[in-house]
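This document starts with one chain, in the form predicted alone, laid out as structure tokens.
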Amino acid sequence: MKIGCPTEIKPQEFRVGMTPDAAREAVNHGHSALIQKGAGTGAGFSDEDYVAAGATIIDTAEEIFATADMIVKVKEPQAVERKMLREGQLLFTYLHLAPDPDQTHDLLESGCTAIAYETVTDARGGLPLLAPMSEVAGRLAPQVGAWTLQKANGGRGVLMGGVPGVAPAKVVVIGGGVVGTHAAKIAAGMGADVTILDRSLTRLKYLDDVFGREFKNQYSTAGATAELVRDADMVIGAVLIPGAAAPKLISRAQLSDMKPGAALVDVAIDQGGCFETSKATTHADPIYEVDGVMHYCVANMPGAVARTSTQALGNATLPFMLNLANKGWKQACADDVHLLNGLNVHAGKLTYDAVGAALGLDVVSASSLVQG
């Protein structure tokens, strides 16, 4: 199979879909790795690194899309890229379709087969291709939130850890999954007073057993959330419904009750955001203010640490990429129900229920496409 990896073109996106190590593995399995010239530069990988791994360097994205059987990326294809997708071509990347009707329409029109990293599952009920970036985004959230809190950036001018005689920042993390756990851990490590909210008692017991008094936890109700948010210096939104649009947990009306200059960091912005006032921003222009509250809503947070993120994502995606290349998408998905759960689009048909529900579109069963 010819596996193509174009340069990411989303603003301020420095990650790359294949590392040189992944290219080497593909070549060792008898496939061709086609890498766009300069694709790995932002993550610290040179064209020479890819050539040494046995890959072929291709000058343009147009050549990659025209030649490759499978396209491996990081972010969802942008409009110009979607026009280059073709019937029968396999796309393996993050998609986040639920809040994005335009992308969904274009993928359906293209006739391609699209497998989304974020909906591939594992035997434990986890999301193994989302988890690495959730870990990175979770650990970044307090870091970028602390920067947003600085007075020069419009924030309250509060130091996360305080100093002797001055209380630390109060941080509320909504969601106790992978993002929330890593965010709480780092915020607590910075010396902040941290409370994590979740609706699973099992998860809260786990967090209490593992982290003890490192940070507090509380069952998430609308009342508890409103009370904690009112007193918070920073709120980190870390909720996820796999493949679906994120629920709105803080309304615009609640902003007036918050401290002036408080920071909202919405890690769920890829799925539409979990604050009513969230809108996607970029690393070049990451923050904005609504009703006196600062918002940080960068849609590709892990892109800020592109080398770490690329390596972490590559470690997770490599086995799935090889299975798709070795067997073809249909057999690979028939053999692995967890990979099948990643199938979102095939030949003009939508195959993921949560996306259909979010966009009001008909859905066909993914399993029906691999039977027989």
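Throughout, we count residues from 1 along the sequence that is shown. Please read all numbers here as calculations on a predicted model, not as lab measurements.
A second form of this protein, the form predicted together with a small molecule, is not displayed here; the remarks below concern that form.
Put simply, of Ala263, Ala192, Ile269, Ala184 only one has a heavy atom within 4.5 Å of the small molecule in the model of the complex, and it is Ile269. Proximity to the small molecule in the model of the complex, defined as a heavy atom within 4.5 Å, holds among Val171, Val72, Ala137, Ile115 only for Ala137. Using a 4.5 angstroms limit between non-hydrogen atoms, Ser200 touches the small molecule in the model of the complex. The closest non-hydrogen atom of Ala146 lies beyond 4.5 Å of the small molecule in the model of the complex. Contact check for Pro77: every heavy atom lies farther than 4.5 Å from the small molecule in the model of the complex. Looking at Gly176, you'd find a heavy atom of it within 4.5 angstroms of the small molecule in the model of the complex.
When contacts are defined as a non-hydrogen atom within 4.5 Å, none of Val158, Gly161 and Met258 contacts the small molecule in the model of the complex.
This chain is displayed without the small molecule, yet in the model of the complex the stretch 300 to 308 from 45 to 53, 300 to 308, 329 to 337, 30 to 38 comes within 4.5 Å of it by heavy atoms.
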